[in-house]
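For reference, the chain that follows is the form predicted on its own, supplied as structure tokens.
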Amino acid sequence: MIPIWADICKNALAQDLGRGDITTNTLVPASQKAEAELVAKEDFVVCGLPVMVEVFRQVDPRISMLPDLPDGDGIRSGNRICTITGPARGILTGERVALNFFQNLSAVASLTKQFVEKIKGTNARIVDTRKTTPGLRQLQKYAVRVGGGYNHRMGLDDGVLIKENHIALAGGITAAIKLMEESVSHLHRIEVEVENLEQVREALDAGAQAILLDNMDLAMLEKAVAIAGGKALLEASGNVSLDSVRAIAETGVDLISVGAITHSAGSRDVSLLITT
């Protein structure tokens, strides 16, 4: 079965490989076999091993990868993550692309896990956004799930979220919600973005099933929760940090969306070295 990220790996390899790996093909005999180890150089949540497998499969199906642990497990600095064996040329040629995916996805999973740990014991959930690296949305949202978070919309066709510019063009919150109700299936939950408590009230009166509370302080969030009284799902969004997320969760909101877990996660430090 071809994984959903096969095309993503194919495109990344095409970008990196071009007409061929000049250095490796010159220095490494085609018949040479090798074994390599992937080792963590810091503590993090492992994520992206199946993607690495697909990268190496596309480079050379004779390459095999044996993980020491699955995606979602924590790894300590200095510990081995997996062993890779097969044609040496293929291992070296696929190395950078495989590691680029693994390092970023592990960073997304690790940062997500930090946010999830911060709000333990509350009823809130950490959710991602569409602020993902172009072309990597499926993978980064997978990493969010590995880290214990939840996915918001995968794309614009995946759900209804009426934002401030939609409201301006539709002629107001009530008008926008009415238009959506007339157009979409009953299976779609209608969510609307609001900036103040008056808009919270208007959204509730208009029948919004979910409300995104944009950049509200803690006092406003608490008041919004009281006004909603459980009649709509409430999502807090905007400038959420590891320092602030616990207090936000304790206001009683249902969801906390964090763009940083995908757009600012960076990468985790690993080393792939030929051992034999």
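One-based numbering along the sequence shown. Everything numeric here is computed off the predicted structure, so don't read it as measured data.
A second form of this protein, the form predicted in complex with another copy of the chain, is not displayed here; the remarks below concern that form.
Visitor: Would you confirm whether the three residues 114, 224 and 246 all fall within 4.5 Å of another copy of the chain in the predicted bound form, going by non-hydrogen atoms?
Guide: Verified in the predicted bound form; spot residues all out of contact, no.
Visitor: Under a 4.5 angstroms heavy atom criterion, identify the one residue in 176, 75, 204, 124 near another copy of the chain in the predicted bound form.
Guide: In short, 176.
Visitor: 146, 82, 160, 194: which sits within 4.5 Å of another copy of the chain in the predicted bound form by any heavy atom?
Guide: Of 146, 82, 160, 194, the residue with a heavy atom within 4.5 Å of another copy of the chain in the predicted bound form is 160.
Visitor: Where, among 196-204, 96-104, 67-75, 114-122, do residues come within 4.5 Å of another copy of the chain in the predicted bound form by heavy atom distance?
Guide: Stretch 96-104 is the one.
Visitor: Considering only heavy atoms, tell me if residue 26 and another copy of the chain come within 4.5 Å of each other in the predicted bound form.
Guide: The answer is yes: residue 26 has a heavy atom within 4.5 Å of another copy of the chain.
Visitor: So in the predicted bound form, does any heavy atom of residue 32 sit within 4.5 Å of another copy of the chain?
Guide: Close contact exists here: in the predicted bound form, residue 32 approaches another copy of the chain to within 4.5 Å, heavy atoms only.
Visitor: Please check if residue 237 has a heavy atom lying within 4.5 Å of any heavy atom of another copy of the chain in the predicted bound form.
Guide: No - in the predicted bound form, heavy atoms of residue 237 and another copy of the chain never come within 4.5 Å of each other.
Visitor: Using a 4.5 angstroms cut-off on non-hydrogen atoms, would residue 6 count as touching another copy of the chain in the predicted bound form?
Guide: So residue 6 does not count as contacting another copy of the chain.
Visitor: Taking another copy of the chain in the predicted bound form, which residues along 126-163 bring a heavy atom to within 4.5 Å of it?
Guide: 130, 131, 132, 133, 134, 135, 136, 137, 138, 150, 151, 152, 153, 154, 155, 156, 157, 158, 159, 160, 161, 162, in sequence order.
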